[in-house]
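Starting off, we have a lone chain in the form predicted on its own, written out as structure tokens.
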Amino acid sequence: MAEKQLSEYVTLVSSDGFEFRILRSAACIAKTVQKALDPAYGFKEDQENKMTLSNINGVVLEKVCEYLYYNQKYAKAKDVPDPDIPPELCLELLIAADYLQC
């Protein structure tokens, strides 16, 4: 049986219905997303290339997506600039990062 070709992009959906289409390689930096999209586990998220995050709103998920790309971009860099994080989102981002394991 031939292996399924993994999609280059996946869609993360916030609790308020906003959809963010990002590179699978960036999305899988978050261990929770990586496990949900792993074909070995057989979750529907892998089959649909879409993961709904019912406890993360659109504003926070947008910042999470920005962070995932930021993390991917600077993974091997030595002088990394600070990311732009609005103070009013810090607590929600911390909770989302804990849930997503990123």
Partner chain sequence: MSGRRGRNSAIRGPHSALTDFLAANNISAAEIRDSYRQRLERAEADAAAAAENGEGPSAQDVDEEEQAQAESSAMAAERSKKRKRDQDDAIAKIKKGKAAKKDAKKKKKKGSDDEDDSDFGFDDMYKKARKLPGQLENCEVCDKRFTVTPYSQAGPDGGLLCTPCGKEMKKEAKAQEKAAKPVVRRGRRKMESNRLDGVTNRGTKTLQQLCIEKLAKHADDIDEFGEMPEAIMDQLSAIFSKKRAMNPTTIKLFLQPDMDRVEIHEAAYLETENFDQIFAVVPNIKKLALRNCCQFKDSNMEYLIEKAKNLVDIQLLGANLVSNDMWIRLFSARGEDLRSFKTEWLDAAFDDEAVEALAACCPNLERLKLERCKRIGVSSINAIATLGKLQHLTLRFLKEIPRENLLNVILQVGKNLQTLCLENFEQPALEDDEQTDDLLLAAIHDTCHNLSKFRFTDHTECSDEGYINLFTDWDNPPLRYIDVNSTRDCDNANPEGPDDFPIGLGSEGFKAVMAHSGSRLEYLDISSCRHISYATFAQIFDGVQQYPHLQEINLSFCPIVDTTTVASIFRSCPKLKKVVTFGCFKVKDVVVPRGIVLIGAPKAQDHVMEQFGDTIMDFQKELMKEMERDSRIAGGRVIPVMG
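Keep in mind that what you see is a predicted model, and the values were worked out from it rather than measured. Positions refer to the first chain, counted from 1.
The following text describes the form predicted in complex with the partner chain, which does not appear among the structures shown.
By the criterion of a heavy atom within 4.5 Å, I22 is excluded from the residues contacting the partner chain in the model of the complex. In the model of the complex, the partner chain lies farther than 4.5 Å from every heavy atom of V13. The partner chain is not shown here, but in the model of the complex it comes within 4.5 Å of a heavy atom of Q101. The partner chain is not drawn, but in the model of the complex it has no heavy atom within 4.5 Å of A40. Contact residues in stretch 79-102 (any heavy atom within 4.5 Å of the partner chain, taken in the model of the complex) are D79, V80, D82, P83, D84, I85, P87, C90, L91, L93, L94, I95, A97, D98, Q101, C102.
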